[in-house]
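For reference, the chain that follows is the form predicted alone, supplied as structure tokens.
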Amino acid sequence: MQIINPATEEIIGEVPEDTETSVWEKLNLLRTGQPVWAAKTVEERVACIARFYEALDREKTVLAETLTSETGKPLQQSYNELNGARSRIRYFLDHSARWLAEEWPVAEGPTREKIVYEPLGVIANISAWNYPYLVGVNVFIPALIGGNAVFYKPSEFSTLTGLHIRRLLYDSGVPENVFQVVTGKGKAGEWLLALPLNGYFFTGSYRTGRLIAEKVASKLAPCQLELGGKDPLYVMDDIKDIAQVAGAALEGVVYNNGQSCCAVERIYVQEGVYDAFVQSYTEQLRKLVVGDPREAGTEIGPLSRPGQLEFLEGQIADAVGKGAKLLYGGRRVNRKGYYIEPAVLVDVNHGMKVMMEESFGPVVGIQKVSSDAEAAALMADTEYGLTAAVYSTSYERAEKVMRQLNTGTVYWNCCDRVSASVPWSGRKHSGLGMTLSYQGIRAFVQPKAYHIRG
């Protein structure tokens, strides 16, 4: 399998792909190692992950450079991702022992009762390319701490990063028969899904997530899906600093080139501040530096996949053909690599694909609304339910809108952020289950009830 740099279209490496036979061999290896790993104390498993935590910082230069070379994200954003991953791991290091400890709901009397949390067993972690460290550690870190063995499949667009993760886990004391990597494209994923595993955890698109859920449904094993979004942002007319809010919205749209499940993908602005917001947003958009992701100062690198260029161009053409106005951007950059200018459209509506289909790129439509009620109705008009943001000087007013939205996360005066302290979950086409917080620790274990008499 060839690894291609999206900034240059050059082949930067070749990785042997797994076969169906090798996938089964790795499963047998994990089956032998998981019970031994589970027999260790939580503290012993946490100690291994603590060494991995330190290794991510110690080797951050090579890790960041590799991540940028195969995904195209600006180098500083690769460093940011590593720092964010370490922050999440720190949460798991600090809190896992508490949430995995046995509990005694009834500690006295003729029949005592306790709850013990046991690992699921051998689980599949089918990960994503856009944030391979961040979405990866959400799964394989609490899974390992919980006593599971992990079958990890990195995306074919971030395989080198996946191999770095494997190397550092092994160096940190995680046994080879507890963590195995499957390399390859879609076929390798299909072989993984065919295995009799004890849990399936996927991060990616709704279409693929739905196929995975259908394939493993008959096994009655846990299946958790972290899928996409069409996340809205609403600007109320009481906002005073329009430039600041426009800048925050812009960052929510274009960070990581918009290749984020919780990126801002549609903006609604109340008519009293609409013109000022659009002007400020467009002015700030024009100043963004598009270029080589390895160069300091680059804010927008290439898209990670060539097919996404055609997809975004199609969304823009559909909108313009239906009456939208393209204020800026949307054109391919005349250089090697999968580059496209960040784009902003106005005069948009929900009859346009750019307002209804997930874009996963630096493209956004801005729609004028007359009231909070109209904004709430438009924000809710989606098959997705990941995040939604409201900007206002009044929390009480913003909360009335946020309470109406069927999303896993809401933001007041911020957007496009994830915290390890609270659950990360999606509703509707944005997924099933959750990661992060104590609930994300408990997602990788199963309770056993003890009734103790005598």
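So that there is no doubt, residue numbering starts at 1 and follows the sequence shown. Please read all numbers here as calculations on a predicted model, not as lab measurements.
Quick note: we don't show the form predicted in complex with nicotinamide-adenine-dinucleotide (NAD), though the next part is all about it.
- Taken together, 269, 374 and 392 are entirely out of contact with nicotinamide-adenine-dinucleotide (NAD) in the predicted bound form: none brings a heavy atom within 4.5 Å.
- Shown alone, this chain has one stretch from 183 to 191, 365 to 373, 279 to 287, 78 to 86 that lies within 4.5 Å of nicotinamide-adenine-dinucleotide (NAD) in the predicted bound form by heavy atoms: 183 to 191.
- The closest non-hydrogen atom of residue 211 lies within 4.5 Å of nicotinamide-adenine-dinucleotide (NAD) in the predicted bound form.
- Although the partner is absent here, residue 127 sits close enough that one of its heavy atoms falls within 4.5 Å of nicotinamide-adenine-dinucleotide (NAD) in the predicted bound form.
- nicotinamide-adenine-dinucleotide (NAD) in the predicted bound form is not approached by residue 162, whose heavy atoms all lie more than 4.5 angstroms from it.
- By the criterion of a heavy atom within 4.5 Å, residue 177 is excluded from the residues contacting nicotinamide-adenine-dinucleotide (NAD) in the predicted bound form.
- Residue-level contacts in the predicted bound form: of 96, 382, 315, 203, one residue has a heavy atom within 4.5 Å of nicotinamide-adenine-dinucleotide (NAD), and it is 203.
- When nicotinamide-adenine-dinucleotide (NAD) is considered in the predicted bound form, only one residue from 119, 293, 232, 228 comes within 4.5 Å through any heavy atom, namely 228.
- Taking nicotinamide-adenine-dinucleotide (NAD) as positioned in the predicted bound form, the only residue of 257 to 279 that brings a heavy atom within 4.5 Å of it is 261.
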